[in-house]
Structures are given as structure tokens and as C-alpha cells.
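Just the one chain here, the form predicted on its own, laid out as C-alpha cells.
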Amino acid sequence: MSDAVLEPKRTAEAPAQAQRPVPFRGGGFKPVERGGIGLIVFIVLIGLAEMGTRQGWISPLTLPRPSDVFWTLVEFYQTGQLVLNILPSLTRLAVGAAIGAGTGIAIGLMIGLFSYVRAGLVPLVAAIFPIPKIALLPLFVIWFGIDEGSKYALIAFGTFTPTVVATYGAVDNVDRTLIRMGQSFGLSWMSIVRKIVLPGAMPGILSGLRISLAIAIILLVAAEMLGAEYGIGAYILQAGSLYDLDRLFAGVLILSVLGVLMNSAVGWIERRVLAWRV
């Protein structure tokens, strides 16, 4: 009797349980964008620095007030010095990084795809990769002169080696099962490279490009500190020699913004090129 009474209740609950939504568990550790959190972190740090310098917790001889740095940037822009210094730096960075990264990606792909090229160039890349590129600046000045050629060469060389290593490492990490599957379906060598190898290696190539562009900014400053009349590096060198911390931190802030913009540009490329990832 009791089983007969309870049976309708169980059948009534069954549809409700069947309609309960199942949470999605297939995200695959995909990064989730949290807009505004990074900006909040910057604002908090700047606020702490401003409060610390105003209250005397931080000596003005070691860290200027962020508000003073801001007004220095405003003056830097209003006098036209910002454009006068940023345009040469952007030109040197664009030309040097384009030459170094473009050549590095091409050589890296050749190393990853051709065994004879790998056997010949990997030892050479391993030999020049750990050399401090800034130490070669006097040599580049001797070879290319003190003008723009030496600056382009330093940035290109410093960008080239990490891009090569990242590129052929990304090619090596492509899933070989996918390549064998393409071969089993009769795809040509060029089709396998274009449809399997390049898309599979692109995440690693772009990650290496982020590092290479950061290195390019560092080498840009080093190159402009030697024989450059205009440029952010020359501006920072002049401010440091005068112990003008407001101008010094203003130049460093410009470099930071430049780095953020370049990182955002690579992120934009990733979203377009790697849209196939889920």
C-alpha cells in the first residue's frame, strides 16, 4: 500500500530532475577576461605612492609624487617635446623589431621544417643567444656608424634570437598525430604546413613575439643613450644626469605605456589569428 502511494510522487519528481540544467565543465582552463581589475591595481598603487610621498613615508629623493610626474608629462606634451622624442623612438622600434622578428620567424620555421637547416643553424643560434646584446652596441657603432644604422641593427639582433628560438620550439610542439593524420589523408607537404603546422605553432610564435618586443624596448633605450639627440632613451639619460626624478619617471612611464600598447597589439592579433581555438 505504501509503495503504491509513493510511486506517483517519484514519477512526478522525475521530470523536474531531468530538466535541471547541467553546468558547463568544458572550459579547458580558457582565460576569462576580468575587465577593470588591472586598472584598479594601477590606481591603488599610484594612490599609495601619492599618499606615501605626501605624508613623508617615502622620501622625495627616492620616489617623486605621481601627481608631479603627471604634470611633467602634461608640460612635456604642451611644449612639443613628446612628439619630438617619441617619433624617432617609434621609428627605430618599428624598423628594428620588424627586421628582427620577421627574419627570426622565417629562420625559425626553416629550422623547424628542414633537418639540414636545423643541423646547421641551431648550434649557431645557441651560441649567440646568451650574448648580452647591449654589450655589442660599440661593435655595431663601428660596423654601422653612430647614426640610425647601429640602432636598427641592435634592436633587430636582440629581437631576432628569441624569436628564432620561440618559433622553432613552437613548430616542434605541434601535435605529431595531426601531421600523421594529414599524411594519411594524402595532403601535400605544403598543405600540411599551411593547415596544420602553422596554425598549431602560432600560439607559441606569438608568445615569443611578446618577449621579443619587450626586449626590443629595452634595447631601444640602450641604443638611444649612445649618440642619439632625440628619443625616449636620450630623454631619460638627460633627466638622470640632472637627477630630475620627475622627468626620469615620466620617461619610464612612457616606456611602460608603449609596452602595454605593444602587448595589446599582440593580443589583438591573437584574437584574430587564433579565433579557431575554443
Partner chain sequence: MTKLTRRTALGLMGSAAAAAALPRPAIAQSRKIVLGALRFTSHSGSFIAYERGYFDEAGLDVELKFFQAAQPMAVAIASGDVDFGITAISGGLISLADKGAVKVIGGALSEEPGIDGQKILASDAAFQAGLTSPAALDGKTFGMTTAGSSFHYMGSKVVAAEGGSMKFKPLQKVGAIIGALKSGQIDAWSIVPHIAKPLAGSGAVHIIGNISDYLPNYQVTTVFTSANNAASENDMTRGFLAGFSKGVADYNATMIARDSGDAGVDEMVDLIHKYVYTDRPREKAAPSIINGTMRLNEGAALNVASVEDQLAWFQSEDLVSKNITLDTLVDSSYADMRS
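Numbering follows the first chain given and starts at 1. On a predicted model such as this, the values are computed, not experimentally measured, just so you know.
One more form of this protein exists, namely the form predicted in complex with its partner chain; it is left out here, but the text below deals with it.
Its partner chain in the predicted complex comes within 4.5 Å of a heavy atom belonging to residue 241. Within 4.5 Å of some heavy atom of its partner chain in the predicted complex lies at least one heavy atom of residue 145. Residue contact with its partner chain in the predicted complex: residue 60 places a heavy atom within 4.5 Å of it.
Residue contact with its partner chain in the predicted complex: residue 227 places a heavy atom within 4.5 Å of it.
Across the options 111-119, 97-105, 136-144, 163-171, residues that bring heavy atoms within 4.5 Å of its partner chain in the predicted complex belong to 136-144. Contact with its partner chain in the predicted complex, defined as a heavy atom within 4.5 Å, holds for exactly one of 215, 236, 245, 49, namely 245.
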